[in-house]
Ligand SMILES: Nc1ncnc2c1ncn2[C@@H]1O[C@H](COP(=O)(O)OP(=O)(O)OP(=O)(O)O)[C@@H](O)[C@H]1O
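Just the one chain here, laid out as structure tokens, in the form predicted on its own.
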Amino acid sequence: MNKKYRTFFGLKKEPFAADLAPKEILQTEALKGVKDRFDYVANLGGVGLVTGEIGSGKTTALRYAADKLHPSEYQTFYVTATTGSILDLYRQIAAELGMYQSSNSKAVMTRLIRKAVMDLVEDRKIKAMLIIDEASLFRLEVFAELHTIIQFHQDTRGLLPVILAGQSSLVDKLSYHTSAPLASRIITRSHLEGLSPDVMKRYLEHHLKICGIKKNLFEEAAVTAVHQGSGGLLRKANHLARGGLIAAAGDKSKLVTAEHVRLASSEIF
């Protein structure tokens, strides 16, 4: 099915894919805002917060911002949060740092991680950046202890800046008293909303252009249907847009209509 609709429209590759190269990502004002705050955290140290609903483009924004850091100056470490313990997180971070030592002691793991970061920053002169995606999954006990790995030289130097990304519930978890030591280190916050109707039209055109199509294949009513059906959220918009193209190709229609988008919406949640 994919090959048939791509051939019908002359698409050079799968449209509305999630694995875009950073240079292919549409630069919206929201994306630029995340990047500016990301840079601020990287330069100053501390913790940055990126929130948004499921499918709002948080991970894409993080990839875009991280890609803009100069590779000879920065090294980013990316982990995806789980509902496990703080020790599980420490082991994830240690693995990202290239450490294969492990311990059941939180104190030992904290010391090992700090040493690895200091070796990177002070000996190799490479700045570190830790990105934790899906941080809203963390247990409260993890928020209560996470700040301990970013304390260096009696907490006077921010050698390990951290970006926490997750759903809006992340803010609620950081509001608990036990999370205060970590929350007090947050120096910037970004929240990703759904795209506006105008930006959604530009988004669809941008993705088609990446696939070699120079004109918009979506009627105005179809753009509206994608926007309303997705609430402006990128992941669902991608599914609706691709599904609309498949439905249009099935009808031998050179344009995607609102009805084609409606048919696509019946296939997804």
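From 1 onward, residues are counted along the sequence shown. Not measured: the values here are computed from a predicted model.
One more form of this protein exists, namely the form predicted in complex with the named molecule; it is left out here, but the text below deals with it.
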**Message:** Taking a heavy atom within 4.5 Å as contact, would all three of L26, S56 and Y203 count as contacting the named molecule in the model of the complex?
**Reply:** yes
**Complete:** Per contact check vs the named molecule in the model of the complex (non-hydrogen atom within 4.5 angstroms), the hit among 66 to 74, 213 to 221, 40 to 48, 233 to 241 is 233 to 241
**Message:** Under a 4.5 Å heavy atom criterion, is E96 part of the interface with the named molecule in the model of the complex?
**Reply:** no
**Request:** Answer with yes or no whether E134 is in contact with the named molecule in the model of the complex, where contact means some heavy atom within 4.5 Å.
**Result:** yes
**Asked** Hey, in the model of the complex, does K35 get a heavy atom within 4.5 angstroms of the named molecule?
**Response** no
**Message:** Just checking whether H227 would be counted as a contact of the named molecule in the model of the complex - the rule being heavy atoms within 4.5 angstroms.
**Reply:** no
